[in-house]
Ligand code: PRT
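First comes one chain, alone, set out as structure tokens in the form predicted on its own.
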């Protein structure tokens, strides 16, 4: 039994686009937890892991201050907080980085990009000199503009950033974009991408006890396994020996296949292989054209790298 001090605390978004996906990730790693409807802490039953459900903006600080050992937040939030922390004049710890990014996860994809009024004279970030840019991410945008030698005023804007040009508050915006429909609805045209964002796993910069470190390593290994199997498929088939090289080239993201003899058939073998990329109907048709038969495709539930 691991005492309370050695239980791993993971901070995730309490409500938003990453909440359910982050909880699903931890469940796929084998975590069973109890949580009441209004409870902001979920207690792991079979692993020494507790989940804190908090505002996404608070996650980097909780990890930096070692309140939580791990945290899952969008890279947009992580990078904005990282730059803000490093800019704080009262950073007494003197740490070079406030937390460690240990994994880029495979969900929550979006992009932080500039957007300009459709039909206007501003066509690129280079045209923003002397103008105003509204954004929820002033540190990321300010850093980008400095690195590209662009002298524009960054206006921190909370809420619906896309309305800022129409209100006369800014000449352009820099905001998160997923599908682009919100930009179109506000007569904005997407411009340069500042940051490709996705869910990110953070780790405390401080050393943790050995027992806790061991469980954290096991959790990271399971996360790697979960991400590997999302699109992975297990394929079994019969194939002529002469076609093995061609068949291997047709299988997306595969390692060396397992080749087994078939009873009473000297010129054909059974081929078993894990493909780490999606397998389309065209793939199966190409395999059949190469001489394969009895092709079976199955999902992979678990895999350790």
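Positions refer to the first chain, counted from 1. Predicted model only: the values in this text are computed from it and were never measured.
Only in words, not in the display: the form predicted in complex with the ligand, which the text now covers.
- Considering the ligand in the predicted complex, the lone stretch of 52-60, 38-46, 269-277, 235-243 in range is 52-60 [heavy atom distance within 4.5 Å].
- With a 4.5 Å cutoff on heavy atoms, residue 110 counts as touching the ligand in the predicted complex.
- Using a 4.5 angstroms limit between non-hydrogen atoms, residue 23 is distant from the ligand in the predicted complex.
- When contacts are judged by a 4.5 Å heavy atom cut-off, residue 71 does not count as touching the ligand in the predicted complex.
- Interface membership of residue 208, defined by any non-hydrogen atom within 4.5 Å of the ligand in the predicted complex, is ruled out.
- Note on contacts: among 164, 223, 128, 77, the single residue with a heavy atom within 4.5 Å of the ligand in the predicted complex is 77.
- Within 4.5 angstroms of the ligand in the predicted complex, the stretch 195-215 places a non-hydrogen atom from 197 alone.
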